[in-house]
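Given as structure tokens, the chain that follows is alone and in the form predicted on its own.
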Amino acid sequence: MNFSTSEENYIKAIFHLQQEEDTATTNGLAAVLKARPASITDMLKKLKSKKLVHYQPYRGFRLTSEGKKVALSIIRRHRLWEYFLSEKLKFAWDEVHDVAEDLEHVSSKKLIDKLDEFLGYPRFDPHGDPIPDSQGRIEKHQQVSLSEIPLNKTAIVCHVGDQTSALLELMKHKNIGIGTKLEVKKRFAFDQSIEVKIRQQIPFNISELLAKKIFVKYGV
């Protein structure tokens, strides 16, 4: 079954909201999609008629198993295109999201499976998000925010929790990307900022807000 661009945007947004809360709300969807509550209600009724969401007015909504399957297919397309744009066309990691937002609506399964094969079946996109496989399976990895790791432990950046252009630009300015090895050398009680050291570079400070958006693996 094919879906409109608008329907796919709603399905994907609901999926992401459900990762934070078990059910999504009209207000949450309105904030993400910048849509009016009346428009959201109309779309939810349409998605319910297609058996993609469980929806009861004033009680929230969540994807059905079929809705989740569709969402993972959209996310798979989006993240594979991000990987292609970054690795093959050399787009900067703060440029790929908006372009992939358009490309994700090209729904040819054959094209996406061929793209996956061409790219060597990557497991994670340029921001460290796992790429669902052709069966919708999604890999999880253990990670903690940079604000939580012990001092003087070597950690590897594996995920970015906020992929806005502003945050990615800031990380690029500080030479922090996926795969960067770093250590937290000091925490400052005044504002919870931290001092970070990357290899041979001079240590530098980052804010608590940024530290909570950067996820790392350590002790592996």
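Counting begins at 1, following the sequence as shown. Treat the numbers as computed from the prediction; the structure is a model and nothing was measured.
The next section is about a form of this same protein that is not shown, the form predicted in complex with the DNA.
Contact check for K172: every heavy atom lies farther than 4.5 Å from the DNA in the predicted complex. Proximity of K45 to the DNA in the predicted complex falls within the 4.5 Å heavy atom cutoff.
Shown alone here, P57 lies within 4.5 Å of the DNA in the predicted complex, counting heavy atoms only. Not displayed here, the DNA is kept clear of K153 by more than 4.5 Å at the level of heavy atoms in the predicted complex. Although the partner is absent from the chain shown here, none of W81, S86 and K114 has a heavy atom within 4.5 Å of the DNA in the predicted complex.
Comment: 28-36 is the region of 190-198, 64-72, 174-182, 28-36 lying near the DNA in the predicted complex, near meaning a non-hydrogen atom within 4.5 Å.
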